[in-house]
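A single chain, nothing else alongside it, follows as structure tokens in the form predicted on its own.
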């Protein structure tokens, strides 16, 4: 079975406000939208070449960050846990996502308890090797939400506190790979979070990114089997991953990095499950 990925079309994307340190609305021009649409199309094609089945939902005028589909929900087995955003600038997305997901009869839509904040798969990442979720909190999602979602999904969940507003979601600084390795950027985490990671991942499986790779959003990647789809990477980073046996598919995602997002942010994996009959399971 092909890995299933959901994307949101980029027709209404722009950078008009600042809710993370990467967002630079002063640098945004109308020409950037054309570049963003081309970059999104290039990403979709790269994912399909890597074996993914990609579906697309329509974005809505007035909500420019809807393109970052990873934030719409946590998906596991047949359940969608719908996100609730911390910043007012994104809260209007929730109703549109609920309507779009409601058309998918194969999934159960679950709402967070009142007052609980959690921003989707960007802060709730499935590790197919260890059969656990890693859950970011402290910047944009609540620790209590991480634990609540883990209980609802019936999956072991490891909360990781994020230490820097620059790495506001877990997917900006942490990426488990199919072979059991984990890409991460240590300065993004508290000491307790680093201890939690190192307690569960063997030293030889930890691949530490430097500041250059982290700033290029190379950890914000989509791993499909032995292929990693990511933004343009430093040569040294490509060499490290190639040395581990991975094929790198690079896409110029600069228009989205202007808003603090890249490949993982633009996608939502739909087939994470307790039992995964996917490309990772076949080749990991």
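It should be emphasised that the depicted structure is a prediction, and the values quoted were computed from it without experimental measurement. Positions refer to the first chain, counted from 1.
From this point on, the text means the form predicted in complex with a small molecule, which you will not see here.
Check your understanding: For the chain seen here without its partner, which of 170 to 178, 131 to 139, 144 to 152, 204 to 212 has a heavy atom within 4.5 Å of the small molecule in the predicted bound form?
Key -> Comparing against the small molecule in the predicted bound form, the contact stretch is 170 to 178.
Exercise for review: Considering only heavy atoms, tell me if residue 84 and the small molecule come within 4.5 Å of each other in the predicted bound form.
Suggested key: Heavy-atom contact with the small molecule at 4.5 Å: absent for residue 84.
Check your understanding: residue 10 near the small molecule in the predicted bound form, any heavy atom under 4.5 Å?
Key -> So residue 10 does not count as contacting the small molecule.
Exercise for review: Although the small molecule is absent from this view, report whether residue 71 comes within 4.5 Å of it in the predicted bound form, heavy atoms only.
Suggested key: Close contact exists here: in the predicted bound form, residue 71 approaches the small molecule to within 4.5 Å, heavy atoms only.
Review point. Is residue 259 a contact residue for the small molecule in the predicted bound form, using a 4.5 Å heavy atom cut-off?
Key: Result yes; residue 259 sits at the interface with the small molecule in the predicted bound form.
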